[in-house]
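The chain below stands alone, shown as structure tokens; this is the form predicted alone.
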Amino acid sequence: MLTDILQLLIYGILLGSVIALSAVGVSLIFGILRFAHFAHGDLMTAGAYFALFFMTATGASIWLAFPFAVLAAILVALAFDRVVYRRLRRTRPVILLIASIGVAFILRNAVLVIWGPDITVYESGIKPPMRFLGLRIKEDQLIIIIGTVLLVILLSLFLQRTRMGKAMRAMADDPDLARITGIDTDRVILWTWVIGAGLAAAGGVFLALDTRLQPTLGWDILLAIFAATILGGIGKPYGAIAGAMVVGISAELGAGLPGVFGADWSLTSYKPAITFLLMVAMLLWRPQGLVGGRA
């Protein structure tokens, strides 16, 4: 029984790792641009399909295609910012939110038109999992967890040690004061999209690698991303990482524990419901999140 619970914990950490990458981007965009970016899930999907395109065109492995997917997603995000969001930046946040829903539809339908509705995978075949103390983990899953840790460390170093990272944190805390002190807000916004889109693409590739590639890949996990952002504290990237781990582990344990204790029914299909309940509970109990973001 203990082994089964630890196995579910590993799956929860894996899911939390994927959610964390996109939740950080959502948190940064909200903290600096002051709107909820509902196209973030479809930006994940676009990044995952860009990797597939590079693999198909060149015959390269998924890891050689990874930086191409990140770069392509960043360019797409910057293009939408220049064409759509930049023109609406002085309007109310709800206008930007609605615009982001439109961008999500554009991205999803573009994926459908270019790659079609079929479900696919990066690499066919079944790889036997590695075993350690009775626990099972695939090589790709281990790479996903390690890759997420490395990306989070790089992000932390960027935010803490670089001048631009400090400017981003200052603008997230008080944008008016940041402008008065001479911070180049346009450059901060550009870097916000670069980091947010890059992490979204990484999360999309990791998710497709662990599951399957389909046009609704990012949309299906969007609720979990926003739940993690709210749990951690809106506008707080580090809180978003903690919130993602809470969401991922809670979803896997909540869905799998009945089977561990011998129940003949499962809650696997109710993972989104578990995520939704977590989000609602946090909004009612502590709307500012775990680390004190915006209520």
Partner chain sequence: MPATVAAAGRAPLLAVHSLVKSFGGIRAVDGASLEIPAGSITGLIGPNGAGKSTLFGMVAGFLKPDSGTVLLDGADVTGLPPHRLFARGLVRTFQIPATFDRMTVRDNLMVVPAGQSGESVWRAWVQWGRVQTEDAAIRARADEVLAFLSLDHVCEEYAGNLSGGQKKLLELGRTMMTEPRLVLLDEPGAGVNPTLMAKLREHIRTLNRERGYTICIVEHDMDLIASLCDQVIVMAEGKVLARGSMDEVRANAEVRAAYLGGVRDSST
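Positions refer to the first chain, counted from 1. What you see is a predicted model; the values in this text were computed from it and never measured.
Below: the form predicted in complex with the partner chain, not depicted.
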| field | Stretch in contact in the predicted bound form with the partner chain, which is absent here, among 132-140, 204-212, 178-186, 99-107 (heavy atoms within 4.5 Å) | value | 178-186
| query | Closest heavy atom of I144 to the partner chain in the predicted bound form, within 4.5 Å or not? | reply | no
| message | Can you work out whether A167 and the partner chain are in contact in the predicted bound form, taking contact to mean some heavy atom pair no more than 4.5 Å apart? | response | yes
| task | Answer with yes or no whether V152 is in contact with the partner chain in the predicted bound form, where contact means some heavy atom within 4.5 Å. | result | no
| message | Under a 4.5 Å heavy atom criterion, is L190 part of the interface with the partner chain in the predicted bound form? | response | yes
| remark: Note: exactly one of S156, T120, T162, T91 sits with a heavy atom within 4.5 Å of the partner chain in the predicted bound form, namely T162
| query | Can you pick the one in I221, V76, A172, V111 that has a heavy atom within 4.5 Å of the partner chain in the predicted bound form? | reply | A172
